[in-house]
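To begin, one chain is listed below as structure tokens, in the form predicted on its own.
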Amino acid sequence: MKRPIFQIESPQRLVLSMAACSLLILGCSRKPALTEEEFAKAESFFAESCLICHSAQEMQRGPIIDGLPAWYSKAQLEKFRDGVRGQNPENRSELLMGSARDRFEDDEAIRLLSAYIDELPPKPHMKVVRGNAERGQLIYGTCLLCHGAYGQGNERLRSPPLNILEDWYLLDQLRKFASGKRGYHPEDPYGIQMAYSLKGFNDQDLKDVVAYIQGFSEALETE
């Protein structure tokens, strides 16, 4: 029997390993600090402009984004603002986000929002994707280099953490990368790279790898 690429560890050891990996990969990067006044302003802005979609209150909603690193949120908001994302009619959820880009047109609004999202603790979420996690572990070998052994992400490679994303959203985005609905714009090299990396994977492959990634978030929830 073929040996898995790496063994699943206990949650306690996994959390420690994740911390060590994060320090090694991200070095001494720090979260952007907000003053009390900036935090209050960002909190109000987030409540007014983001929570209508990015909360768990509605069935038709965007993903919970609490805890996403500031560098990633900033990059994505800039892509929406500049039309790199959110302009494809076939990607309706992104199109909706693109239509709201007037709410974060200036650099200061993006800075405050990104830093505020970074400071929010990741939220536990219900697992809804069903797949073969053992098979997904083998598939994750293709993700490991960019996203880390435990889905912690890598700022230097511009790869977001996967261990805090809701599984339904992660599967949805993988499908969109694989189908060309995301990662197609010439000014989105990292998106193009992601789309290219998913060539040859079928829908069951994507479900299986998401089922494996679920284990990373479960370890965080026990921390």
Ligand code: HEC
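Since the model is a prediction, treat every value here as computed from it, not as a measurement. Quick note: we count residues from 1 along the sequence shown, nothing fancier.
Although not depicted, the form predicted in complex with the ligand is the subject of the following passage.
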Against the ligand in the predicted complex, would Ala100 count as a contact residue? Criterion: heavy atoms within 4.5 Å. yes
Is Gly67 part of the interface with the ligand in the predicted complex - any heavy atom within 4.5 Å? no
Exercise: His54 in contact with the ligand in the predicted complex, heavy atom 4.5 Å: yes
Is Gln87 close to the ligand in the predicted complex, meaning a heavy atom pair under 4.5 Å apart or at it? no
Near the ligand in the predicted complex, with a heavy atom at 4.5 Å or closer, the residues from 108-146 are Leu113, Ile117, Ile139, Thr142, Cys143, Cys146
